[in-house]
Each structure stands twice: as structure tokens, then as C-alpha cells.
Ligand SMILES: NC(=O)c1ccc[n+]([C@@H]2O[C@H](COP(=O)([O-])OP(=O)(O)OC[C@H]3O[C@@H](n4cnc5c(N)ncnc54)[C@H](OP(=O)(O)O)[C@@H]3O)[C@@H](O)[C@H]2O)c1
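Take a look at this single chain in C-alpha cells; it is the form predicted on its own.
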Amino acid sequence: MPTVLVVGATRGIGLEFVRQYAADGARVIATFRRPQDAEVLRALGARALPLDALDPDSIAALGQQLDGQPIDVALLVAGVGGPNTTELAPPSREQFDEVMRTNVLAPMQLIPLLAQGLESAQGKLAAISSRRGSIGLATDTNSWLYRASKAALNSVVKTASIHLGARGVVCMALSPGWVRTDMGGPSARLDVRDSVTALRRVIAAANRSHNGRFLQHTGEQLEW
């Protein structure tokens, strides 16, 4: 029975990962921020652990609770979108700090804590990025703070893949597509179930040749 960790599990893509992996019999560990969300995760069969991604002490506490437990799949899903700008409108310092701390700093603090468990299981680390994080594919100016954060997350994953890949861990940045979630909105093309089903297929098929890659939910390799 594989062990799957979902960081950012209480809504959207993260919650659907919990639902699908638990339904397939995986041992799921899922993080929540609000106490009222823990029961939803437990009702799906997950072990629910508290985590505030903006609090280094909370991140450290999660590492202590995991205590090097083997992790077959670690999913870093937690993220925020920030201001929905269409031009080069400067973000406030508060907006910058929230987006960058959630989307970049938190993964940089979490990955080292998960390294031992991933190495023990020869597991897979997948960070949910976005096609908007691709510098090479950029064609518009929408949400440039969010774009910058996901480009930075991609760099974090690529760097982690060099260290962890040498230890048998496969590290990937994944784009889920435009998904109908709170962040993606009601006009998005993909249902969350279809996106997660496709992402799980990509994760399951990944091997060492996929280490350090940026992949679309379809399996297509994306330009950094």
C-alpha cells in the first residue's frame, strides 16, 4: 500500500488527490490549515495533519510528525493566485510576500524535510506548478506575480531534482491545465476530477528519465 502525502489538501486539486488516492487504497496523509477541514479529510480515509504554509514552525512540526516516514508520492499542491492583473501593475509588498512565501518559500522549507522519507521509498515528488510558470511559453502579461512565483517554483523543483535524483527520487513540476477550481474559475476547461486523474497517470508512469522535468497533465514536456 503506497503512502501519499498531499500538502494543501482541503480544496480543489489537493482535495481531489486525497479522494482519488484514498479510494484506490493508498495510505494518504493530508494537510489542512483550518481545523474544520480536518474532518472532511478523515471522512475520506486520510490521516489529517495541521500545516500553515506561512509559518516555519508549523512546517517544522509537520516534519517532526512525519519523522522520516517513507513517502512514495509527495504532492505539493498548496498555492495562491495573487492579484489578477492584465498589465504591468506593481504588486503591493503584502501581495508579493503572500504569493512568494506560499508558492516558493514553503516548498523550499518542505522539500528538505521530506527528503529522507522520499529517499527511503525511492519515491516521487510532484509540485503543482502552472503553464504560466513557463518563461519560454509566455505570450501575455496576465497575473505576472503568479507567473513569477511559479517560474521560481519550477527552479526550486529543478534544483531539488539534482540533489534528490542522485538518491533515487523523481522530482517533477506538473501543470494541471486550466481547471474549474476556486482559483481557475467556472469558465476553466477542465473538471478537477479529469485533471487529477490525468496527473495521477503522469505520476504513475514517471521514472528516472522524468526527473527534473516540467510536464503538462497530458504528459507533454513543457519548456521551462
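All values derive from a computational prediction rather than experimental measurement. Residues carry their position along the shown sequence, with the first being 1.
Omitted from view is the form predicted together with the ligand, to which the following refers.
Q: For the spot marked by 9, 33 and 53, is every residue within 4.5 Å of the ligand in the model of the complex through some heavy atom?
A: Every listed residue reaches the ligand in the model of the complex, so yes.
Q: Identify, from the list 111, 145, 128, 74, the residue with a heavy atom within 4.5 Å of the ligand in the model of the complex.
A: Spelling it out, the residue with a heavy atom inside the cut-off is 128.
Q: Which of 134, 85, 116, 102 has a heavy atom within 4.5 Å of the ligand in the model of the complex?
A: Of the listed residues, the single hit is 102.
Q: Does the 4.5 Å heavy atom contact test between residue 151 and the ligand in the model of the complex come out positive?
A: Although the ligand is absent here, residue 151 would stay clear of it in the model of the complex, with no heavy atoms inside 4.5 Å.
Q: Examine residue 184 and determine whether its closest non-hydrogen atom to the ligand in the model of the complex is within 4.5 angstroms.
A: Close contact exists here: in the model of the complex, residue 184 approaches the ligand to within 4.5 Å, heavy atoms only.
Q: Under a 4.5 Å heavy atom criterion, is residue 121 part of the interface with the ligand in the model of the complex?
A: Judged by the heavy-atom cut-off of 4.5 Å, residue 121 is well away from the ligand in the model of the complex.
Q: Answer with yes or no whether residue 165 is in contact with the ligand in the model of the complex, where contact means some heavy atom within 4.5 Å.
A: Answer no; every heavy atom of residue 165 is more than 4.5 Å from the ligand in the model of the complex.
Q: Have a look at 65-73, 22-30, 44-52, 157-165 and name the one stretch with heavy atoms inside 4.5 Å of the ligand in the model of the complex.
A: After filtering at 4.5 Å, what remains is 44-52.
Q: If we check the ligand in the model of the complex, which of the residues in 146-179 reach within 4.5 angstroms of it by a non-hydrogen atom?
A: Heavy-atom contacts to the ligand in the model of the complex: 146, 150, 176, 177, 178, 179.
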